[in-house]
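Presented as structure tokens, the chain that follows is alone, the form predicted on its own.
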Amino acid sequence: MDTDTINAIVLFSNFILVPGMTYGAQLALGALGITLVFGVLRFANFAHGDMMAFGTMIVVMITWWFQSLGITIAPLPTALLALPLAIVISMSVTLLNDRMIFRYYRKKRSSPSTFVIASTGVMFVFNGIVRFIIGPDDQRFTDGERFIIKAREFKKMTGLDEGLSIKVSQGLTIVIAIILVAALFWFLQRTRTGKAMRAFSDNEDLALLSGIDPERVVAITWIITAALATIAGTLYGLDKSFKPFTYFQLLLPMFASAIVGGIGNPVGAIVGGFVIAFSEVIITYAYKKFLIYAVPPGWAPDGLMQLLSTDYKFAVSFMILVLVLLIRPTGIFKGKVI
């Protein structure tokens, strides 16, 4: 394999493969929370993005507190130390929110559209609380070692023109996502509570006749959703930065991920997350430098060879979402029809 081909592969890995895997893992965790609520509670939770923002805000504030006390876990980010406490707080707030709002509509057996409207109201409340407490601007809370591999060190080690860099936040995102997904599938497949959740999702009336406590299933669903939202939001914040409005914007690609994979299907949420992430990254990447290495000399284009500007990356999610709803409304893995 010649040097130009290796440089092209490294460039592709640096700007498409690694970012796509990281972003895909973040979207998959977010989509899992959405698909669990839709599968078990049967409504589209529009507040999920701002639940992520709220949980991440708690992580940020606890991280700042730990940093002020000199408590760190270098070379890893202190946010990992703050995460368990933030998850507990987020779970408590989410359960309180369900008891105060969604439980009332469940007792009245309201339609799914009523739940969607209620969740939209909850979304604005969470958004307002986060902005009031921490402000609307970017907040940095990363510390510890920043890179697993630095581009300059990679170049020096390999002698290539292109360097590969992998951030600690990217490595953590992929590892934590794998662990969480494995734990969630074990829980749903092997435990009695997980089987009860699946039975309740498949047929609520039959599950009730079998003696399954619906309120317990609902509570467990919200607990898992709150944990996934807090972890996904924190990983995204560590990888990029924490800005409340960004999490509202993430709602579209997360819903697109859940629907593309098959909403209500956890496997579909994971696959959909990576489909949406790689679609956004691939379509918005400028291929000029890649083609300089990949094609014969003199064939390289003069333009950027970028299909869409990064400003339009969420338009990619929207286009894929519309196409899936038109062509295959149940998604790749035949989830529930919206």
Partner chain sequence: MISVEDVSLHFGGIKAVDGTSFTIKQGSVTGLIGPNGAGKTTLFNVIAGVYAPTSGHIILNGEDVTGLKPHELFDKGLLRTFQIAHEFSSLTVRENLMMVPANQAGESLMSAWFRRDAVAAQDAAIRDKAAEVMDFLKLSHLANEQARNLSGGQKKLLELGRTMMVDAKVVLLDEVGAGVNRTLLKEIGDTILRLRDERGYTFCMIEHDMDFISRLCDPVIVMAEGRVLTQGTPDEVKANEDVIEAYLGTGLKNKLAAEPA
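Keep in mind it's a predicted model, so treat the numbers as computed, not measured. Numbering follows the first chain given and starts at 1.
We do not show the form predicted in complex with the partner chain, though everything after this point is about it.
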Next item on the list: Given that the partner is absent here, state which listed stretch (209 to 217, 137 to 145, 121 to 129, 238 to 246) has heavy atoms within 4.5 Å of the partner chain in the model of the complex.
Entry: 209 to 217
Margin query: Since only the chain is shown here, I'm wondering whether residue 193 would be in contact with the partner chain in the model of the complex (any heavy atom pair within 4.5 Å).
Written below: yes
Check: How about residue 187: is it within 4.5 Å of the partner chain in the model of the complex, going by heavy atoms?
Finding: yes
Next item on the list: Using the partner position in the model of the complex, report whether residue 203 sits within 4.5 Å of the partner chain, counting heavy atoms only.
Entry: yes
Notebook entry, point to check: Could you tell me if residue 198 has a non-hydrogen atom within 4.5 Å of the partner chain in the model of the complex?
Noted result: yes
Notebook entry, point to check: Of 70 to 85, which residues get within 4.5 Å of the partner chain in the model of the complex if you count heavy atoms?
Noted result: none
